[in-house]
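Okay, so here's just one chain, in structure tokens, the form predicted on its own.
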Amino acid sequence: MTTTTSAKPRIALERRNVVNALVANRGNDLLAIAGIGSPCWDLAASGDHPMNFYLNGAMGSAAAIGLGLALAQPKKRMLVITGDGELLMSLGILATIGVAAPKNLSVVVLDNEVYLETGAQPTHTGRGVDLAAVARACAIRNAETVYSQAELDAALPKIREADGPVFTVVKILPNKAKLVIPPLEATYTKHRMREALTGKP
């Protein structure tokens, strides 16, 4: 874990490599929710899966949907992958996650410090807002920021297996990756996930 220092650590992680690592060898017990924009395309690029739900719209709702699913499916691991801009739109959800404290929920924020899809305008995280510190203040004790591959490697077991809620900010380069469009119809992905969970159409 990197703590606040006077010198800002160098950011070197690429978003696709991070998401590939997050869902590698996932099996059928990991449900993944991707926030609007690049996180959706990143998750699709890692391989479409019946347990993926892509928020092609509804900016600001990824963590809330992840919380609901974590509470509804306590025997499954819930992974929310979202961006800093998306989470900043609904920061209050961290307080609800902290109070509900689902043990099976991990939230990973791909923090490039910009709104990449709309012209790379800086987000508040590029101006000193510390999302992991906000999460800790919201009673999410397992919250950290990672900058390097070594820190990510150390964080992955916690993200995938530790008692949650787990909140991890992964600082990434503000690079656009090749567009990989996931299924766009939310009704389709909802029914697909339900069938994968219950075995019933």
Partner chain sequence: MTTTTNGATDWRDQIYDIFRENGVRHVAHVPDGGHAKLIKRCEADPEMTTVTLTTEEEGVGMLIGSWLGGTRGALLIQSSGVGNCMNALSVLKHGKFPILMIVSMRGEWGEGMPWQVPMGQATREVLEAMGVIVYEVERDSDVHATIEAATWLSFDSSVPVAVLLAQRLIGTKKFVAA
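Remember, predicted model here, so these are calculated numbers, not experimental data. Residue numbers count along the first chain shown, from 1.
Below: the form predicted in complex with the partner chain, not depicted.
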> If contact means any heavy atom within 4.5 Å, which of 48-56, 144-152, 168-176, 129-137 contacts the partner chain in the predicted complex?
Replying inline: 48-56
> Should Ala64 be counted as a contact of the partner chain in the predicted complex, where contact means heavy atoms within 4.5 Å?
Replying inline: yes
> Applying a 4.5 Å heavy atom distance criterion, does Ala120 contact the partner chain in the predicted complex?
Replying inline: no
> Is Thr187 close to the partner chain in the predicted complex, meaning a heavy atom pair under 4.5 Å apart or at it?
Replying inline: yes
> Just to confirm, Ala21 within 4.5 Å of the partner chain in the predicted complex by heavy atoms?
Replying inline: no
